[in-house]
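The chain below stands alone and is given in structure tokens; this is the form predicted alone.
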Amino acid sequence: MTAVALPAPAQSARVAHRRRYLMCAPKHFAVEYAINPWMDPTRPVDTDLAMAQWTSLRDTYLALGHTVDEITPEIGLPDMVFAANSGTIIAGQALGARFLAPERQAEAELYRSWFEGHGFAGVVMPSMVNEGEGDLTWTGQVLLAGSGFRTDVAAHPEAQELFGVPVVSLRLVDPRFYHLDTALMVLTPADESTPAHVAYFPGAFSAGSLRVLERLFPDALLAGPADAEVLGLNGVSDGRNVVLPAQATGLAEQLRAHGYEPVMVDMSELRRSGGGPKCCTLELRG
């Protein structure tokens, strides 16, 4: 009997889920100080361009069917646009932020007040430095927690006590990737039957942390230096559509090959402060 070649099994279809996000317009965006290697106060900033790029990101979320809430930006807080650093919200419980840099510390109370007024009563404020979803990444089963440059490792057990979920500490070693969300992105969160799917840049992590990631996520997408260096991992996924910087073309091809739909946005002006789509986006998990 002649053997018949069977087609390869079709990849499971990726499913988009509607999200609710909080964002802050960069009306007062500037690079007035340097708290990460991306920032150079000697180079003029085009605030209008930053605003246009941010608006395109917000409109992209709306076009994908997501809900976007906005907090009013405050004069004198040029980094308030990076809403992801303002807290972490899981199942309606909000953990606020405590910033390392004095220039950003006033943001924490403004965001706390917004959370309290918009359905997240009982916000818990951390006692240790904790820069929100910049360093705390919810995978649906465990909370990945970054340290090394901003969030204090002592903030990790505080998060575990509040949320009652396992926390896995990861140490960042490259100052360009000063927050976890610059080096790792959750593409599909875990549910009862499916493990989480993530993408990350191996070069951002300590050797031990890299071994942890390899064990937790053996099928992860690994970004190369070219994509990482344009903050390609600082993306936002709804389970199917992945919003990421327009310059991260190699990662976009990987995503397509794994059934995702890359949605490219130009965040080059905001990247001058070390930010991308995720930095501008806090997920409000009700």
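Throughout, we count residues from 1 along the sequence that is shown. It should be emphasised that the depicted structure is a prediction, and the values quoted were computed from it without experimental measurement.
The following text describes the form predicted in complex with ligand ARG, which does not appear among the structures shown.
Taking the partner from the other structure, ligand ARG in the model of the complex has no heavy atom within 4.5 Å of any heavy atom of Gly87.
Ligand ARG is not shown here, and in the model of the complex it never comes within 4.5 Å of any heavy atom of Thr60. Remark: Thr182 counts among the residues lining ligand ARG in the model of the complex, judged by a heavy atom distance of 4.5 Å or less.
Though the partner is left out of this view, Gln247 does not reach within 4.5 Å of ligand ARG in the model of the complex, counting heavy atoms only.
Just one listed stretch, out of 208-216, 191-199, 74-82, 115-123, contacts ligand ARG in the model of the complex at the 4.5 Å heavy atom level, and that stretch is 74-82. A single residue from the set Ala226, Ala257, Met39, Ala52 has any heavy atom within 4.5 angstroms of ligand ARG in the model of the complex; that residue is Met39.
When you look in the model of the complex, the only residue of Leu64, Val230, Val45, Ile35 with a non-hydrogen atom within 4.5 Å of ligand ARG is Ile35.
If you take 254-280 and check each residue for a heavy atom within 4.5 Å of ligand ARG in the model of the complex, you get Ser273, Gly274, Gly275, Cys279, in sequence order.
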